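We begin with a single chain expressed as structure tokens, specifically the form predicted alone.
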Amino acid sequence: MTLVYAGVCSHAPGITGRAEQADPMVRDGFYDAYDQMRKDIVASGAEAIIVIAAEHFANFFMNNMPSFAIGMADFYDGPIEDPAWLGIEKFRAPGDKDLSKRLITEVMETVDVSYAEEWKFDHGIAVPLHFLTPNFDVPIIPVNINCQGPPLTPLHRAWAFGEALGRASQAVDENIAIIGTGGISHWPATPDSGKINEAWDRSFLDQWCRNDKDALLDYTNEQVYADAGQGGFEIRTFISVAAAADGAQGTVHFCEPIPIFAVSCTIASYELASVER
């Protein structure tokens, strides 16, 4: 059918694991924005959700680090982390092996991509699903972009991959939502954990909302590392969604730094052309 929803959101583990330590007014505003995202996805008529994440060495490590990977299974278990630490109980999320295969086949026409029939979700996918599909009643197509193991996936390739996902979404029979999850600026697992570069985040989101390809692809790894930490490498997931949205313009629904969550907590989406359903 078509791509009916495209958006981005934060996935830091503290969002669920340290909820009680956050400023309740800011935290609840963020949670409300997440819930509105859930409602918007439901209203879009999405029959499956592609979740593009930056995987955290849970399934892929330096002995096997694909630039791009797509899950191809009928279900996925999570979280891989300790539920008590993450604040999310063990779950089984539905997949759709046949739909994944059709998407992968179409993506492969222009972009080389790995695929996995076994995939355990870490917080990069588990946290968004906690808010967006609390009943685990929508098929999930997990996607990973290498944002963690140098050499990192080049930004222009992340854009090409997003274009391929957008084209693949148009080629299948189902209505598809696509979600990118990640940073933006953050310094996880370092002495600077909790540091947030709010000005950098807002500048990046402005470029993302304008779907400014030239600006989004102008970042270098050195600049990102200096200004946004190693967590900033996750802009690749946002960039892929921008490419999939094919020039659509976006809106930031929520973006506020929550230091105990170690990130500017963000919810944003693109205004896609309406489709008949």
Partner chain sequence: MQKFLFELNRDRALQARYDEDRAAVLAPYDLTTEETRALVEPDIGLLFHLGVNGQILMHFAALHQIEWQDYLARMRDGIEKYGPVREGVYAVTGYEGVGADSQIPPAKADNQ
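Residue numbers count along the first chain shown, from 1. Treat the numbers as computed from the prediction; the structure is a model and nothing was measured.
Form predicted in complex with its partner chain: not shown, discussed below.
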Would you confirm whether the three residues 19, 28 and 92 all fall within 4.5 Å of its partner chain in the predicted bound form, going by non-hydrogen atoms? no
With a cut-off of 4.5 Å between heavy atoms, is residue 81 one of the residues that contacts its partner chain in the predicted bound form? yes
Considering non-hydrogen atoms and a 4.5 Å limit, does its partner chain approach residue 34 in the predicted bound form? no
Check residue 148 for me: does it contact its partner chain in the predicted bound form (non-hydrogen atoms, 4.5 angstroms)? yes
My question is simply whether residue 174 lines the interface with its partner chain in the predicted bound form - judged by any non-hydrogen atom within 4.5 Å. no
Heavy atom within 4.5 Å of its partner chain in the predicted bound form - residue from 75, 136, 131, 85: 85
215, 58, 248, 42: which sits within 4.5 Å of its partner chain in the predicted bound form by any heavy atom? 58
Pick the stretch from 185 to 193, 202 to 210, 165 to 173, 98 to 106 whose residues have a heavy atom within 4.5 Å of its partner chain in the predicted bound form. 185 to 193
